[in-house]
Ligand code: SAM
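Only one chain is included here, represented as C-alpha cells and corresponding to the form predicted alone.
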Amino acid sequence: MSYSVSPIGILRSCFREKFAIPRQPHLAPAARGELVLLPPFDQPQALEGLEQVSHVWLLFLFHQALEAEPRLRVRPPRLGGNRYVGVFATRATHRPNGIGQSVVKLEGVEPGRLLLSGIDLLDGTPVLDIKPYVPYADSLPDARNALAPEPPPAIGVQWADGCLQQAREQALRLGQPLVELIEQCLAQDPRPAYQQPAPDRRYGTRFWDVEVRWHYPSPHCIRVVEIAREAGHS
C-alpha cells in the first residue's frame, strides 16, 4: 500500500546551502526564515488561533536527500561520521520516506505566511504539516538519549581584519542578524568530524545571499576570512 502527500508550504530560509546548517533546531537562534503557505492553506481560517502559540513543529521533506533505496544503517556526524547505527536511532537526513521534523519558534503570523526563527531547514524545503508545540506533552524532563546526551561543544570563532565590519554592513542591508547567525553556525564546527584540515584549507557556504569563507588556524578555532555578497548581485 502506498500513499502520496503534498506540501502545504515552502520554507524560505537563511540557509542557501546544506553545509553549515545546524544539525538540530535552536542551536542557532539567529537562523530565520518564513513559511510561505500554498493554497488553500494560505487562507486566514487555517491559521486561526496560532497567534497563541510560541513554537510549532514542522514536518517536512529532505528534498535534496531523497533516495530510491532505503538505508537501514547510517553514520551520523554526531558520532564522528565513521560509526554505523540503525537509521531509526538517528535524525539523519537519509530517511525511509525523506521526512524530517523540527520544533521552531513562531515569531509572527501574517496572511499566508509564518515568520520563524531557530530553524535548521534549507531554503526551498517543502513543508508537509504544522503542529503546535504543547509544552506539557512535548517537554519530557526524564527523557534520555545516550547517543546525544548534550549539545555539541562550541569552538571559537574569530574574524579576520575587516570581515566583521563587512558582515555588519551586510546585516544592515538584509535587516537580519547575520553576524550572530555566522557565529552560532560556525561555532558548531560544520566540517565532518573525521576531517583534520590543513590550516590553509578554506571552507564556505551562503547565508541569505552572502558568501562566507573560513579556515581552521587550529583544530579548535575557526577564522572567518571572507564576507562577500553573492556574485551577480550589486
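Keep in mind that this is a model prediction, so the values were computed, not measured. Heads up: residue numbers just count along the shown sequence, starting at 1.
Although it is not shown, the form predicted together with the ligand is what the next lines describe.
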property: Triplet Gln158, Glu183 and His220 all within 4.5 Å of the ligand in the predicted complex via a heavy atom; result: no
property: Contact label in the predicted complex: Leu122 to the ligand, heavy atom within 4.5 Å; result: yes
property: Residue contact check: Asn97 to the ligand in the predicted complex, 4.5 Å heavy atom; result: no
property: Proximity of Gln101 to the ligand in the predicted complex, heavy atoms at 4.5 Å; result: yes
property: Ser117 within 4.5 Å of the ligand in the predicted complex, heavy atoms; result: no
property: Option touching the ligand, based on a heavy atom within 4.5 Å in the predicted complex, out of Arg23, Arg12, His215, Arg16; result: Arg23
property: Residue among Phe62, Tyr203, Phe41, Trp208 with a heavy atom within 4.5 Å of the ligand in the predicted complex; result: Phe62
property: In the predicted complex, segment of 160 to 168, 67 to 75, 136 to 144, 101 to 109 with a heavy atom within 4.5 Å of the ligand; result: 101 to 109
